[in-house]
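Only one chain is included here, represented as structure tokens and corresponding to the form predicted alone.
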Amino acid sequence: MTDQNNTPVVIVGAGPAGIGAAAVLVAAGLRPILLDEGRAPGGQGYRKSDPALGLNLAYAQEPEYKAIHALFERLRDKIDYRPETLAWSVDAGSVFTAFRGSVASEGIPFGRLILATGATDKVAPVPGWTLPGVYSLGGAQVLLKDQGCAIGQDVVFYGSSPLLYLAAWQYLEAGALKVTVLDTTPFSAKMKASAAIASVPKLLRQGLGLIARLRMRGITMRHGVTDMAIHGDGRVEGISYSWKGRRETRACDGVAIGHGLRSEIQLAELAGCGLAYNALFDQWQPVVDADGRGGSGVYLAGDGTRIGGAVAAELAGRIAASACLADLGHAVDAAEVAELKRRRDAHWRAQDGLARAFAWPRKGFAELPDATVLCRCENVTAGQVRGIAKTMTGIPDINRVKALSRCGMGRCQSRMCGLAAIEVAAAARGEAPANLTHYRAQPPIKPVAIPTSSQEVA
């Protein structure tokens, strides 16, 4: 839990970044606290299925998956691992948590804090996306990985993300009868970005290989689709979209939507880290130095800081932990850290290429029908957000739109609708999205059970 100076080190997140950070701290003789919202380590990308189900999914045989879980098992007895523990706020040098939804009676004090909070789906709403049978891309993968369940037998994977192709292949391997991939970015954009993606040759090979395997299976893939709509009476029954100047329709029983990832930044903001708009990834992200320092005693790593993928996340976790050790007075191998940065930066360059190859569909927000629901939690439409945005005077701020419309006030705290709401409001005003700033973090960052008596406090 502490180093030789009696300074607690707390890591939030047990994905690749958090596990990588823990490995470095353990090697230096520390016993960090590792908080994991999940019931088992690995994060979303390396999620373990429920052992009781006896699943044998192909992704679990990948070398990177096996390596990160083997590393954790070597660390398990040397760290204070706390699964099913949500970190819902950071304040006054403590992390406040809830175990299985029940709020802990006291915060966990820290001398150093490493945030490895990961990312969630970035979603561009379309008409009909609130119908039963529509999932985020990550949600569709979680069901498959965690429970061996598919969202349907005839599934459309829609959006703009390399994960569309991976998820489609995973569903085929798991027994789905039919999958379709509808990509909003033209294929020409992928060709232009291929040199940057090749910064990590294996990544480019894997992507091309996935597309080739899907084609060999006769899977329908469309690049550059627009005007997507989902149809059904009570649940998903089909979709329609425009492609190469014509309108196409398809029957389906499930739709997964994903336009890349959005960094989980709420805890970083509550911990006092600055935020800056990343125009390439179309979102606000924490400001850190090259070693992951985000503020006094606070370090950040992984997709919660910059979208980079699982390998880059583990490398960034190791770099951030090394910076933490150096600040605590431990000797750190500068050459080793430099090599970690070289490898991390190569993955970052590749991800920059992927961000161009799979672009956020900005034009579509201006054309989104007024009746389309943006905020599922509060049932706020695109038209309502546009109306409020157009009448704002003075300094534009998405938080004023939130206050007047309730868009982003629900259970997800703007995780699903926030980026889309900013785009719709910005388009209505004819401004750049960055001008509307970002949704301010409010604790608890996720729903927790409020105790009504002292006996209910964990």
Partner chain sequence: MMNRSQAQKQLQGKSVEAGGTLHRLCVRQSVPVTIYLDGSPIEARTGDSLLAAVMSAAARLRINEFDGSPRGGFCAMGACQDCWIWVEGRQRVRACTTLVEEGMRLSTTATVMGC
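Residue numbers count along the first chain shown, from 1. Owing to the predicted nature of the structure, the values given are computational and were not obtained by experimental measurement.
Below, we refer to the form predicted together with the partner chain, which is not included among the displayed structures.
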- Candidate from A312, V90, A357, V123 lying within 4.5 Å of the partner chain in the predicted complex - any heavy atom: V123
- Message: By the heavy atom within 4.5 Å rule, which residue out of A271, L368, V385, V134 makes contact with the partner chain in the predicted complex?
- Response: V134
- Message: I need the one stretch from 286-294, 321-329, 217-225, 231-239 whose residues put non-hydrogen atoms within 4.5 angstroms of the partner chain in the predicted complex.
- Response: 231-239
- Query: Does G148 reach the partner chain in the predicted complex if we count a contact as any heavy atom within 4.5 Å?
  - Reply: yes
- Message: So in the predicted complex, is the partner chain close enough to E64 to count as touching (4.5 Å, heavy atoms)?
- Response: no
- Query: Is E431 one of the residues lying within 4.5 Å of the partner chain in the predicted complex, judged by heavy atom distances?
  - Reply: no
- Residue contact check: G152 to the partner chain in the predicted complex, 4.5 Å heavy atom: yes
- Even though the chain is shown alone, can you say which residues of 16-41 have a heavy atom within 4.5 Å of the partner chain in the predicted complex? E37, R39
